[in-house]
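Just the one chain here, laid out as structure tokens, in the form predicted alone.
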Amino acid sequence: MTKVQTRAVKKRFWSKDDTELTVMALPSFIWYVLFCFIPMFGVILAFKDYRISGNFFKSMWDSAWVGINNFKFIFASPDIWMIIRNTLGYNAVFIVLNIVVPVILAIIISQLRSKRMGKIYQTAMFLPYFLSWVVISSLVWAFLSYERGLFNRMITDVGGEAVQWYMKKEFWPGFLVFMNLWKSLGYSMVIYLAAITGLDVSYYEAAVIDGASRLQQARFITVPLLKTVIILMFILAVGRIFYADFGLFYQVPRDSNTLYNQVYVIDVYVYKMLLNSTTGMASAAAALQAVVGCVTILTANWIVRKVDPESAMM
């Protein structure tokens, strides 16, 4: 093989573009190794009665094996089915709303004549996504505080009686659903808006010639063309149906004991286990979340692949 042929082969296997892409991907790769792959080693704690006897690795080595006893304890807990019900129930509502509402808003914003106002609306709706739940819990407290909350001030100003919002169980499912939607709306909407921006405008031009209204264009052109993105977001959301946003269910209600039945989800349960120094049981619950999440995402993808192979994620 000549030198020219050798160089051609090398160029074919590795180029300058490959180097640039590798360098760009390196930070993400390091992040996943440090915070996703290495921590997976800790799943062994789910099968041990973890006791601190020195550093982490020594404690893990010295702790006694208990097999699946930690998992048995979880399902023997009298509250486990209430916890699972809350987790699955809230996530089912979150999945539906976080698909329907962002798609509708993305379509509306894409129809705005003023691109400047569209950017302003996008930024305003995207901003809550960057706020931590600690900050949001303080904002919620400013509205719902019994003594100084804005809602109670409005109620007392018209002659009503102040309400103990943090003691009213019936309001909190609605509050939690609203806060989740408000915080995640901007992120989901930007994804759908980016997909709409990439659609072929010739479809809309043909529809206008045929006399289609904006509503008909959205119904018969935009939504069908967004099907692949919607299904992808649905599959990813289903994969986390056994997870719950700890900040939403712990920080926002301020760990109110009165709201126990409304806010007690799996992630809060894991945190309570850690507070009680039952690390093995907390690890078992987290491992169970990971396994169920993997099963649900593979099941959802399998169903989608059977119905519409082109829309499947893998």
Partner chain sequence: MSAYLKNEPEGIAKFNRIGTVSNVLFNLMFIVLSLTAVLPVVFVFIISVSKESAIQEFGYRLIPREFSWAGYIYLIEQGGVLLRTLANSLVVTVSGTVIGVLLTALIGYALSRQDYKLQKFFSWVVFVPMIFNGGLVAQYVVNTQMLMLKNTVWALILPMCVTSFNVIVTKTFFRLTIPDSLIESAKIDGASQFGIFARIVLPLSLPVLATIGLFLTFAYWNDWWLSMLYIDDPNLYTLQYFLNKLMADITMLSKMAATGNASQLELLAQMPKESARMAVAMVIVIPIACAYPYFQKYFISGLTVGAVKG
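Residue numbers count along the first chain shown, from 1. Take the two forms, find the largest set of C-alpha atoms that superpose within 1.5 Å, and that set is the rigid core. For clarity, every value in this text was computed on a predicted model and none was experimentally measured.
One more form of this protein, predicted in complex with the partner chain, exists but is not displayed; see below.
Contact with the partner chain, judged by heavy atoms within 4.5 Å in the predicted bound form, is confined among 74-82, 167-175, 92-100, 180-188 to 180-188. Exactly one listed residue, out of Leu88, Leu225, Val135, Ala162, brings a non-hydrogen atom to within 4.5 Å of the partner chain in the predicted bound form: Val135. The closest non-hydrogen atom of Ser28 lies within 4.5 Å of the partner chain in the predicted bound form.
Contact check for Ser256: every heavy atom lies farther than 4.5 Å from the partner chain in the predicted bound form. Under a 4.5 angstroms non-hydrogen atom cutoff, the partner chain in the predicted bound form lacks Gly67 among its neighbouring residues.
The partner chain is not drawn, but in the predicted bound form it has no heavy atom within 4.5 Å of Gln262. Residues of 115-136 placing a heavy atom within 4.5 Å of the partner chain in the predicted bound form, in sequence order: Lys115, Met117, Tyr121, Gln122, Thr123, Ala124, Met125, Phe126, Leu127, Pro128, Tyr129, Phe130, Leu131, Ser132, Trp133, Val134, Val135. Once the rigid core is used as the reference frame, the Cα position of Arg51 differs between this form and the one not shown by 2 Å or more. Relative to the superposed core, Val265 shifts its CA atom by less than 2 Å between this form and the one not shown. In the core-superposed comparison between this form and the one not shown, Ala285 has its Cα shifted by at least 2 Å.
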